[in-house]
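As structure tokens, one chain now follows by itself in the form predicted on its own.
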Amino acid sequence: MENENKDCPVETIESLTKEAESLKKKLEDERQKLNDVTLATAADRLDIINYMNIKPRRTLKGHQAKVLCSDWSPDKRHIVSSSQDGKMIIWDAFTTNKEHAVTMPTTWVMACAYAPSGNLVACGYIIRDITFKTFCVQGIIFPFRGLDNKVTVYPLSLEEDVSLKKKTVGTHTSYMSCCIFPNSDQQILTGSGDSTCALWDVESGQLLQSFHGHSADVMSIDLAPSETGNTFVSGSCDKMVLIWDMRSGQCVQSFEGHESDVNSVKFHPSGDAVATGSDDATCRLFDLRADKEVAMYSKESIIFGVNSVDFSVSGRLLFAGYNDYTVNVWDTLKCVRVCLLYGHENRVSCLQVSPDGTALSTGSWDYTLRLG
């Protein structure tokens, strides 16, 4: 009798698992019934992109180690980059001059990004007690991510010791992998190796919202292109792509399909789809309205992972940086490669289209950034 009672919970779990799998299959079957045409077929009537005049125009040299991240300024002229040499450099993209070079107390300065107003700076790097800080350099905001778990912010003043104003905002239970300002200087959204994302108030240091749903490291996050900015997407080593409501902290949509880590996620300019890049050597497009994957960008000859993706301003082109030192440019509608960019001598770790869509910046482990 005792053994029968012990077996019941196991049998119940097994039966529920089978039922869940059955329902999942039925749902997929219903989706397939509506899948009457592919994206590429629907785009047959569109003109083919025959010519693209993209070539290196500028090379930014100054880092002494791998470039890990870069970001365009809202003024469309300046770029900030972070590197494994422990430097954060602010560049004039027009002249290639370095306008600022900030030395961090560690060699792992993993990420950087401009914030909306340009009044604060956040910086994160690998060090025992300091992981995420904010600095202000002539009205420019730079957030950085690091491989520790504390989130610290402070304004950077050239007249006084910036460490006097540092402020611990919050703490993850594992390293911080990505960060972004959600349309406001007052808040910071972070992703972590503890498989969660978190929204922090910069001034009070209060945790405003936590986001639980991934089962492995969160590698990338991106905000939906809306004025309210209440939705964001995350990609993880669990191969999943999740859409979140920042107000409720709930996952409102999930996508699967990748066969390895999802390294980069980016909302389509329309806000209706998300592009992803993965270690499985593919980029994919997930449509929020159709609630499924609608396109995959790959070739048999491409066997290296994707580190970073970004759209052109129109959304017609998808730029993807790969471990084989190249940038592939995909036609998002016809699902074909339209251009292959060479130049870097090591893996392309980051890339981004300028705010006005007139330029593309790429950063690489070859210590350089290139502008095209």
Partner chain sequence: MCPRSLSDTALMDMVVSNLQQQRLVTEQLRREAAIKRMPVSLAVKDIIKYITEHEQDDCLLVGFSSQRVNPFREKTPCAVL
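Take the two forms, superpose them, and find the largest set of C-alpha atoms that agree within 1.5 Å; that set is the rigid core. Everything quoted here is computed from the prediction, not taken from an experiment. Numbering follows the first chain given and starts at 1.
Only in words, not in the display: the form predicted together with the partner chain, which the text now covers.
Within 4.5 Å of the partner chain in the predicted complex, a heavy atom is found for all three of Glu19, Val37 and Ser254. Between the options Arg337, Lys66, Arg58, Arg347, the residue in contact with the partner chain in the predicted complex by a heavy atom within 4.5 angstroms is Arg58. Of the residues Ile302, Met296, Leu223, Ala290, just one reaches the partner chain in the predicted complex with a heavy atom at 4.5 Å or closer; this is Ala290. Proximity of Ser270 to the partner chain in the predicted complex falls within the 4.5 Å heavy atom cutoff. Using a 4.5 angstroms threshold between heavy atoms, Met110 stays clear of the partner chain in the predicted complex. Among heavy atoms of Pro355, none comes within 4.5 Å of the partner chain in the predicted complex.
The closest heavy atom approach of Gly315 to the partner chain in the predicted complex falls within 4.5 Å. Heavy atoms within 4.5 Å of the partner chain in the predicted complex map, among the stretches 189-197, 270-278, 215-223, 173-181, onto 270-278 alone. Of all the residues from 50-65, those having a non-hydrogen atom no more than 4.5 Å from the partner chain in the predicted complex are Tyr51, Met52, Asn53, Ile54, Arg57, Arg58. Relative to the superposed core, Thr358 shifts its CA atom by less than 2 Å between this form and the one not shown.
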